[in-house]
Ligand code: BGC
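Here we start with a single chain on its own, the form predicted on its own, put down as structure tokens.
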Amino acid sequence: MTTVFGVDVGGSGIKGAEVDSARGELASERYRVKTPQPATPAAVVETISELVEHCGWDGPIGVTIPGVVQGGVVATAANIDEGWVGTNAEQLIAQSIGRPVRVLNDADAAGIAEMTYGAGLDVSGLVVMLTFGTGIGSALFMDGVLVPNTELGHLEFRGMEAEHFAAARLVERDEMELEPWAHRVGEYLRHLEKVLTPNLFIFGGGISKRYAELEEFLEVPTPVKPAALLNNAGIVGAALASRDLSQQ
């Protein structure tokens, strides 16, 4: 078993675990702490360091950030502190924990995991992974190859950013009923259909565990599959991204 370690930084929680890279399964108990508020680089990095120390991991790690990441540098910060913009997250985290780090967009990480082990395995053509949580993350794949940093949750839709219309926080924090929220998600997916004509949507994020309850309300012609790795996809994808660091 080749074990790697992933940390998934979200708007409300930071989760980490060891991952069996041969099977795409967690190889240790998942450890979760609340995302510090405000989620400044210093506060989040300190939390990541404490998480990794708690888990007893001493090798390279992969870390997700809810924003565009280019060459380890964070370019946007919708659901974390704006102080991240322009920060070289890889260098900052590596200096804190004293080992190599790979940083990538959180939805891209979840998509990589689902395409490698889950709902997107062996699916050709255009696949769109969407993670519904505090915001809406997206990962776009063409014949299994990632097109990074798509940020489809920030498309203008209904006079607002799409994630303000259909993020899972509306159900999980703002007490919207599941059925009307699912109708909103379906409307958003049909809008993406017109623009992208995908072969498959993968429905991810923590609320994907309730997919059976909301599936009938989506009313989307394109096939939709719930994420097989559920809310662990970000951790698994982050861990996979760190594999090449072991050879450095």
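Nothing here was measured: the structure is a model prediction, and the numbers come from that model. The first residue of the shown sequence is 1; numbering continues from there.
The following text describes the form predicted together with the named molecule, which does not appear among the structures shown.
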Practice task
Identify which of 78, 123, 171, 75 has a heavy atom within 4.5 Å of the named molecule in the predicted bound form; exactly one of them does.
Solution key: 78
Problem - 4.5 Å heavy atom contact, residue 196 to the named molecule in the predicted bound form - result: no
Problem - 4.5 Å heavy atom contact, residue 67 to the named molecule in the predicted bound form - result: yes
Handout entry: is_contact(residue 154, the named molecule) in the predicted bound form, heavy atom dist at most 4.5 Å
Key = yes
Practice task
Decide whether residue 114 counts as a contact residue for the named molecule in the predicted bound form under a heavy atom distance cut-off of 4.5 Å.
Solution key: no
Completion exercise
Among 171 to 179, 114 to 122, 134 to 142, 93 to 101, the stretch whose residues bring a heavy atom within 4.5 Å of the named molecule in the predicted bound form is 134 to 142
Exercise for the section: For the heavy atom contacts within 4.5 Å of the named molecule in the predicted bound form, list the residues of 161 to 186 involved, in sequence order. Expected result: 163
